[in-house]
Every structure is written in structure tokens, then in C-alpha cells.
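To begin, one chain is listed below as C-alpha cells, in the form predicted alone.
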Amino acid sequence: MEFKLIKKDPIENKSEVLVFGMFSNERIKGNLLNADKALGNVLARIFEQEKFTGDIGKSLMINTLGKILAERVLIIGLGKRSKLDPDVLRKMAIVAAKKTIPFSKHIAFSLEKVDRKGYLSALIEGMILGCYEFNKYKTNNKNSNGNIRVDIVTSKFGDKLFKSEYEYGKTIAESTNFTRDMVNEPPIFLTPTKLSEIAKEVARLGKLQCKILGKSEMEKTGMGALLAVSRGSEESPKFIHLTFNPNKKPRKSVAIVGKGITFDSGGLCIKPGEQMRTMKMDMSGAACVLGVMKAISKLNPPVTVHGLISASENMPGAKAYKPDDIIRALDGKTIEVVNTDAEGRIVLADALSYAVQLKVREIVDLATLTGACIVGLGNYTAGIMGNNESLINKIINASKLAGEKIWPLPLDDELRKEIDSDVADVKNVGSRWGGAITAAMFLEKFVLETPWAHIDIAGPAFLERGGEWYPKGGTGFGVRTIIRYLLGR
């Protein structure tokens, strides 16, 4: 996909589709008014007939019949002018991509009032994200999105700012799509070993430090939790550690931790067949970590970043771990296994303990951890919990800029007794009530005093039917938020 800055009147720029944004319940004005005059003052009548009022995400396309150089005009609602922010531009571009890509290879955007940093990059993000397809395994793979030309028609941007916004938006969007690809891969392909190979390639291209622990290294290190979950599978577990060091003295060090269950059968507490489908997505947290590490090597935040992934399958093999087993994690704490289908928090226990040993200033983990979070917040919103309100607020603010919905849940002290164990330091499951919270409280046991935030992405990481702003399948949720958190923007 090629983006070009064009400094001319939009109706004098040749394209297959010319895209305008329109605020809700406002009169036709500016460049859109000029286009309307050239088209014969037809828009007001068409708006009334089609009941188009400029609500966010709504759109209307008309054929210009050769009256201007663009073959079609696409008008997309921006909602209320007072609520214009980068995410509105991102959504505008996603709509434009979905409406035009099936038939057009040359699209132009008319931008008038958009001249603030972050707005153009969000539009570029949206265009690349909106074009995403996963058709790698289709025989007639005809994905030709790389041949699309997008003109940004405006006089509000200089070449230097345009280049900066383009590079930023492109990097984030491509890293998000890279994450989507991993989540969408079938589990026969994306094993823990393959995930580690992808991590090595990310490290090579981004000049990151890379350390991969196999089974024997984990045994020497004492990663009893990750090893226990992996026992039922013929696939070897992997622990992945990528490190980014900035060019300048870092402000702080951060660990981004991802759950990497490349397929979750439930183990001996096996899932029903229908619930087992889509469980290739149980490594979405790990994929997010790799997407973030891929991006930051280009964006160079002033932060040392450790990307940590516990990768394993959870299978019901002859050597599989069992209910009532007691497991010793990396930091020495013991875990009573109540349910083998609550394996994600167990493998994260070792990764969080490892992060503490690195003496980082902050830890953030991402995991498709609980169905309870989906029950509470739905398919499009992640839950966030942690032991540090300042860190939680930083991530929530970053998520708003990223256009990813994250909602805080409490670590309710009255629920802590749910994971008390009679025979070990902690048990891996409480009652069904407050399941997302007790899962986070389990993780909290392994971060000690380090400021920590847990993001439960079980809902938005994978959408079987897609969403208004997301494709079907892997969404890449979390990549955009974590990058903005690390950059402080």
C-alpha cells in the first residue's frame, strides 16, 4: 500500500474514490461543498432520501458520472465535531477500506481540519488495518492490497510531518496485522517451537537480544509451572525472552508478559468439542508481545523492554498434569491444581516470577485468561486489574488513544479467600463468581511488590463474527495500546 501527500483541490485530483468526512447534523461545507456544486448540488437531497446524518461509521457512496475527476465520492460520518479525536479518523479509514477495497485500487482522502499530531497516523493505521485479510491457506489467494494507492489530499501537512506520521502509523498497523496473522494460524503450524522461531526472526530483524529456554533449561531454572502444563503434549514448551535496549539512557525498564498457549484442549479437564474450536487463539497475549517487540525496534522508545512468553500446548496426554497435583513455580510457591483448564495463569506464574528476577520497574501481562471477563465486559472490551493505580491509568489512557477499549475491575479483598488452599500456597481456581478477578489475584501472588497490571483480553482478542472495527478472527488487540504506553503517547 502506497501513501502520497497531495497538495491540491480534492476535486482536481484523479482517483477511483474520493473520501470526505462529515460531522453529524452539520451543513455541507468546505471541500465537500465544492464537490457538491460540481456534482449539481445533489447531496442534500440524497442525504435526506438515505437518512444520512453523519453518525460515526455511517457512509454513503455516489457515482460522480464524470462531473469531477474522481469516479465515486464516499462520504463517511464522523459523529459530533466536539468528539473528534484520532480514533474517529482511524474508524473513518477502516470504513473507507471496507467500502472501497473490493473494487478500487486508488483512493483519496480529503482532509481539511485535521492538522494535529497523531490524527494522520491514526488514519493511516485505519486504512492498513481495514484492508487486513487472512487467506494464506485459500487456493485462490488473490490478496493484492499491496497495490493500493492512497492519496492524502490536504494543505495542512508539511512533508516532514507527513513522513513522521506515515512511518508511525504504518509501523503500528503492520505490527498489529503481524499479530493477527499469528493468532489466525492453525495450531498444527503455530506450535511453541514455531512461536520461538518467529521470536528469533523478530529479534534478528529488530536487532534485539533473544534468549529461548527449552525443556532442559527450564528444569535447571526451576520453571515447574510451565513444565507441568506442557507434560500432556508431544510439543516441547518454550520460554521466550526478547530484550530491547534504547539508543539513549532508558527512563525505566518494563516487562511485557504474554500467555502463549498455542492450543488449549483443557487438558484432562477437557473442553466440550464446540468450546475447543478457536482455542488456537489462546496464545493471543504472546502474539501481542511479539507484535510490540517488532514495532518498538523501529520506534525506539526511551525504555528497556523485556518481552516474555511462556509457550506450551495444554493437552490430555498420558503424562498430563492432573487435578489435585501440587506444582512448584519458579519463585518457590506451590500451586494446588483444581482445574487443568485454568492453565494460563499457571504458565504465567513462572513468567511473572522471571520478570521480578529481572528487577524491572513495571510489569504488564496480557492473556486470554477467563471466560468470566467476557461475561462481564462482552466481546469488545478487555478488563484490567493490578496493584498500581498509576500504571493502570497510564494503560487506560493509552488504550483510548489506540482505540482499544479497556475497563478496570477491582481486586476485591473479600474474594481472596476463594483461592486459598489447604494443601499449597494457592489454588489455581476459585468459585465461578468473580472469576476474572480471582484469576488476577492468583497472578498477583507472583509479582511481589513490583508495580503490575494484568489485561484480560479473552473477549476482544478473537472475534468469530468480526466487529464493526475488527476483522473476523484474530484482532491484534493490545498491540496499539502497549506501544503507546511504552512511548508515553
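Since the model is a prediction, treat every value here as computed from it, not as a measurement. Start at 1 and count along the sequence shown; that's the residue number.
Not pictured, yet referred to below: the form predicted together with a small molecule.
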query: Site check D264, N339 and G371: each within 4.5 Å of the small molecule in the model of the complex by heavy atom; finding: yes
query: Contact test in the model of the complex: E125 vs the small molecule, heavy atoms, 4.5 Å; finding: no
query: In the model of the complex, I455 touching the small molecule (heavy atom, 4.5 Å); finding: no
query: Contact label in the model of the complex: E343 to the small molecule, heavy atom within 4.5 Å; finding: yes
query: Contact test in the model of the complex: V429 vs the small molecule, heavy atoms, 4.5 Å; finding: yes
query: The unique member of D350, E404, D282, E313 whose heavy atoms fall within 4.5 Å of the small molecule in the model of the complex; finding: D282
query: In the model of the complex, the one of R90, K259, K238, R180 near the small molecule [non-hydrogen atom within 4.5 angstroms]; finding: K259
query: Proximity to the small molecule in the model of the complex (heavy atom, within 4.5 Å), stretch among 240-248, 102-110, 264-272, 354-362; finding: 264-272
